[in-house]
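First comes one chain, alone, set out as structure tokens in the form predicted on its own.
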């Protein structure tokens, strides 16, 4: 069970140290590598180059095949893993090669090539240092680019001692490399077949590109007389110009380098065999959503920036391909049942999409897959039905407020999920000021309705102070995102349709304001898609999307004067920074000057993720602990954030550490400190 596997990895101190060190170092290298480059522009270029329409792929393939065959190369189209393995084994048998050398290839992992060749009596020797180490350890890769990143020098030294009878100082990296070279060189000259993948395949010339940081990849392609290239159709590009666009981002996003140590452009010869693997690719090239995954350039950055991967690694958060894209590719190329289980590990922080150099909206693909696979279990569906029934939800929230202490004894986290009052009850007693200002609709969302009623009331007051005339939907309404995240398609659709119905006459409002970035993201980016089967609701959802603002966005537009006599820090909610591409941090800093203390890694996820924080509590708490450590380090009196979910989780995290630091919503903080 994946939950148990995650718990086991969280207890592995060596793994925690290795992954934390790698992820933090990589982020610094990524920033340095991109430097003055415009990452978003580069990403747009790569996304355009990698457009995966089936007809485009077929056209590229035919051009590549024609140009490769001019050089005498053989081009084979494999329908699936079995077909590809069978062809490659036949090439090896014909060459009478009982030993083959391989460079690192995730496609070969996808089809379990080594295992197939072993059954055929052929020994496949991995020559990439990381892959070779894992071959000795009999482990699969834990990362698409750095397969042995989870292993420490001490573990590798012990492996050499046990498997190779080689004694080596763990700190003597050069000696370790010499040992690897000594054991591998014999295989290079013994093998008659070398097997590589390809980072890119250029249609206009029949040329492939190999990017490596060791010379072994080039040796595999040139020393044995026969070269087999195993690749997916998605590696095809039209021209060298297009290939260079990918080359600009691939090393930066894969290893934090400006350029890989070796970039080999290889033109085929008469003993070159290209094996193009389908295995579902051509079918999914026609899919309206999942085709986007075929843009993947296998850089691994969706894992490098993932807070979950940083905690458990690829042996838990992966099947063959790891991280966010691995969830999708597992469903496309392998088993949906495995992908369904992996979905429970996603915290929904959107880092994968935000940093993807190919512009793949991975978070949206994951949300769609979660709905298509109907991931929600009975407990999640029950919770979603509750949110769809405002009367029941209100009664449940009131009951929870009365048994807070009991909830704390059962699970300390649950006591933070219970509010003191209900927003609708507080709204009845609120004396609103009549205003001739522009009408705005305040969309409270579930957290305000049932937990943070005071922040909802303060938002109404703040909007009035800013000169607006606020209104609220006549009944509590959910944006539908909790249902999307939990994989409850029926409830998500019902919530979306109801949401559109309750936001009546969107045109009469200047803005639709929410104090939850997740709600804002759902209203702007998801609502329309959830309403796609109802033309009338679809039109209404489209009309309201451009009117949606978070309170932070409204504050930046209206720019009120505020002042604070205490030091505060600010936590960026994931859906605001990485979903809406906005943060009020700069505005707050300019207003508060020396009383504003920036957090280290202000975009680090707090680990909440809605139901993720309960489903995967140990993992969620571990992610939270890193956030809390940086919060406490600021020595601020108060931490401000825009997200009720983040507030819940950070309050819980601070209480676990015995900290007295206050947690306050941005709207409440600004109301209290208006000049």
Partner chain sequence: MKKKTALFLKESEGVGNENIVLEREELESLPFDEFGFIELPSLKIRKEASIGIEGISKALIEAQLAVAETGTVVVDDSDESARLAASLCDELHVVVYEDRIVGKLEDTRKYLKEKASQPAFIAFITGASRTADIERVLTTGVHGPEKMVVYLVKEKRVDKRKGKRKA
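Here the structure is a predicted model, which is why all the values come from computation and not from measurement. Numbering follows the first chain given and starts at 1. Rigid core: the largest C-alpha set superposing within 1.5 Å between the two forms.
The next section is about a form of this same protein that is not shown, the form predicted together with its partner chain.
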{"property": "Joint contact, 395, 448 and 458 to its partner chain in the predicted bound form, by non-hydrogen atom at 4.5 Å", "result": "no"}
{"property": "Contact flag, residue 216 vs its partner chain in the predicted bound form, heavy atom cut 4.5 Å", "result": "yes"}
{"property": "Partner proximity in the predicted bound form: residue 228 to its partner chain, non-hydrogen atom cutoff 4.5 Å", "result": "no"}
{"property": "Contact flag, residue 204 vs its partner chain in the predicted bound form, heavy atom cut 4.5 Å", "result": "yes"}
{"property": "Distance check, residue 151 to its partner chain in the predicted bound form, heavy atom within 4.5 Å", "result": "yes"}
{"property": "Position in contact with its partner chain when the complex is considered in the predicted bound form, options 438, 566, 471, 241, heavy atoms within 4.5 Å", "result": "241"}
{"property": "Listed residue that, although its partner chain is not shown, lies within 4.5 Å of it in the predicted bound form (heavy atoms), from 534, 258, 558, 589", "result": "258"}
{"property": "Contact stretch among 168-176, 440-448, 537-545, 385-393 - heavy atom within 4.5 Å of its partner chain in the predicted bound form", "result": "168-176"}
{"property": "Members of 244-271 lying within 4.5 angstroms of its partner chain, judged by heavy atom, in the predicted bound form", "result": "244, 247, 248, 257, 258, 259, 260, 261, 262, 263, 264, 265, 266, 267, 268, 269"}
{"property": "Core superposition between the shown form and the other one, C-alpha change of residue 154 at least 2 Å", "result": "yes"}
